[in-house]
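Below you will find one chain, with nothing else, as C-alpha cells; this is the form predicted on its own, and questions on how it binds or moves follow later.
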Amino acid sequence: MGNRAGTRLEIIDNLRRVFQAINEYSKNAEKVTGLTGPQLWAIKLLADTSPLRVSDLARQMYLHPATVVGIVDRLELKGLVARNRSTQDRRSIELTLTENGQKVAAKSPEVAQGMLIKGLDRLNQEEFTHIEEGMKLMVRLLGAENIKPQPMHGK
C-alpha cells in the first residue's frame, strides 16, 4: 500500500492546491473585472447561452435561484445584465448581457467553477465516478455531510 504518511501529506497538499487555485482564480477575476467569482461565472454563462431565466441560470450554476437573484441584482446595478420580458411568455423574465456585460465577458479570465465543470465533463465515466466517490469520502471524513454548501465568494 506504500507509505501512508507520505500519501497523507500528498492528499493534504493536493487539497491545499485546490483551495489555492480557486482563491487565485477568484482574486484574479476580481482584480481584472471588479466582479466576484460567481458574478463572473454568471456573466460567462449568459455570454454563452442568453437569454436565460433566473431559474435556468441557477440550474447551470448549481445554485439556489434566490442566491442567483442576488448575484443578478448586483450585476444589473453595475449595468452588466438586463432583465427583459420574454417574447414567448410575457410572465417570464429573461436575462441578457448589456453591451458592457458583453465586453466584460469577452475580456475576463476563466472562472474556477467553469473550468471545473468543463474538466468534469471531459472525464470518462470511471474517472468521474472516482472523483464523485472521493469527494463523498472527504465530506464524510470531515463530518460535513450536514453542512449546507455555500457559493464561493457568493456576493
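Computed from a prediction, not measured in an experiment: that's the story for all the values here. Residue numbers here begin at 1 and follow the sequence given. Superpose the two forms; the largest set of C-alphas matching within 1.5 Å is the rigid core.
Another form exists, predicted together with the DNA; not displayed. Remarks below refer to it.
Contact here is defined as any heavy atom lying within 4.5 Å of the DNA in the predicted complex, and by that definition not a single one of N28, V32 and A47 is a contact residue.
Put simply, of K118, R53, H130, K103 only one has a heavy atom within 4.5 Å of the DNA in the predicted complex, and it is R53. The DNA in the predicted complex comes within 4.5 Å of no heavy atom belonging to V81.
The shortest heavy atom separation between D89 and the DNA in the predicted complex is within 4.5 Å. Residue contact with the DNA in the predicted complex: T36 places a heavy atom within 4.5 Å of it.
For the chain shown alone, V69 is a contact residue for the DNA in the predicted complex, at least one non-hydrogen atom being within 4.5 angstroms. Put the two forms on the same core and the Cα of D89 is off by 2 Å or more between this form and the one not shown.
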